[in-house]
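Shown next as structure tokens: one chain only, the form predicted alone.
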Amino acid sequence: MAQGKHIVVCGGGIVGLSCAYYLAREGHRVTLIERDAEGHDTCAGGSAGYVSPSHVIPLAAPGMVMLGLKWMMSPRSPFYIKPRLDADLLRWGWLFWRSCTQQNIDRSAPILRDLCLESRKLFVELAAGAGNDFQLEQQGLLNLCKTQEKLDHESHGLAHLANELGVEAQVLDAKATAALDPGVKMDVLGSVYFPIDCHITPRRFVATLSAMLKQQRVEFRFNSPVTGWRTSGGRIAAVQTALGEIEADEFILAGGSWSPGMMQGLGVRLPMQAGKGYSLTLENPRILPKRPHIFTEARVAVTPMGKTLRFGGTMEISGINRDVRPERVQQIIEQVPRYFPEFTPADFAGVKPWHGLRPVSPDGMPYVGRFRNHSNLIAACGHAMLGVTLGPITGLLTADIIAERKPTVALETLNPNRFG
């Protein structure tokens, strides 16, 4: 097994931190570079924090193109693509359209299951080793449905597929749903319950993992965006940053939505779009559910985190920007009383919305593996809504790749060269 290499991890989010952890654990010297300042809020900081083996269906699924076209007419919809003339967006859209097939589900779902289940095991191990400082809660996940049509769709679609793949899914009526979380009143017809799902507090996970990395003597370089590369003979000799050049044996591309931009000058196109999501966190909610929920029709996630309650949602493909669209935030707020009638829009008065950019590949699968034309550059990005869930397993897979051992989960479907 290869040992003692110097490895640079480009990106300090949950995926990058996880890569650094598993590489340092195997005795490598690791330098982690991050474009933002120390203490910055990562892409996952305000996320729902789900660790979700239930998420076995990729974003690119049959019907998503027509649904996306329908929702494009409304900037308040759960999934919105802002029309713009952009070559990368057009190529991504064409590849997304090609990927929205049953074949993509058949190929991808078993791999997503394996990735999610292995990552869940790693979260349990990390929690045990860190005194559960990041509040891993094994409470399952309730997908709430307000209509019979949606409950039937979830039952025959997601729940059926999950059970076929060995991920337990229970279809519940309104009474059985209420019994699982009696502390909150729900206006729903039923739900699909996934007992195996978990959740964490993402910001605490980042803090915990960062502290563990410092104990492992991982070197952090903040305020260091990637500006270029020095190559030699089909390999990366050094990464160039705003604070200077760093030579290393191996390089991990874990920059989330910024990953394609990091690769300028390498002659590699990595199809990816930034999918903006929003969340609002109530510090003192009038009611605190015991379990996390998803408002299925509205595509809004609800997560109790300690004494706080987070509501998050939307997928907005509008490029890399920091713009906050009030109508997107309002869409989340308006949906809450429809499912939890004890809440009102007034509960969110004065709550500052958070937003983050999810890195979305055209087929809904992450990129993990070596690049064809640069043999010591490894992709670890493109996780879309599963960046938290798949952080640890992605880190372990990068360690597998560098050690040249059989990967914990098969990598063929995650090949970063799969789009040419």
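Only a predicted model underlies this, so the values are computations on that prediction, with no experimental measurement involved. Throughout, we count residues from 1 along the sequence that is shown.
This protein has a second form, the form predicted together with a small molecule, left out of what is shown; the following refers to that one.
Partner contact region in the model of the complex: 258-266, out of 341-349, 105-113, 185-193, 258-266, criterion any non-hydrogen atom within 4.5 Å of the small molecule. Looking at L144, you'd find every heavy atom of it more than 4.5 angstroms from the small molecule in the model of the complex. A residue is said to contact a partner when one of its heavy atoms sits within 4.5 Å of a partner heavy atom; T42 meets this definition for the small molecule in the model of the complex. Taking the partner from elsewhere, E38 is found to have every heavy atom lying beyond 4.5 Å of the small molecule in the model of the complex. I57 falls outside the set of residues with a heavy atom inside 4.5 Å of the small molecule in the model of the complex. No residue of the trio P53, G140 and P289 has any heavy atom within 4.5 Å of the small molecule in the model of the complex. Proximity to the small molecule in the model of the complex, defined as a heavy atom within 4.5 Å, holds among C100, V226, A159, L209 only for V226.
This chain lacks the partner; the member of I378, A48, M365, V30 within 4.5 angstroms of the small molecule in the model of the complex by a non-hydrogen atom is A48.
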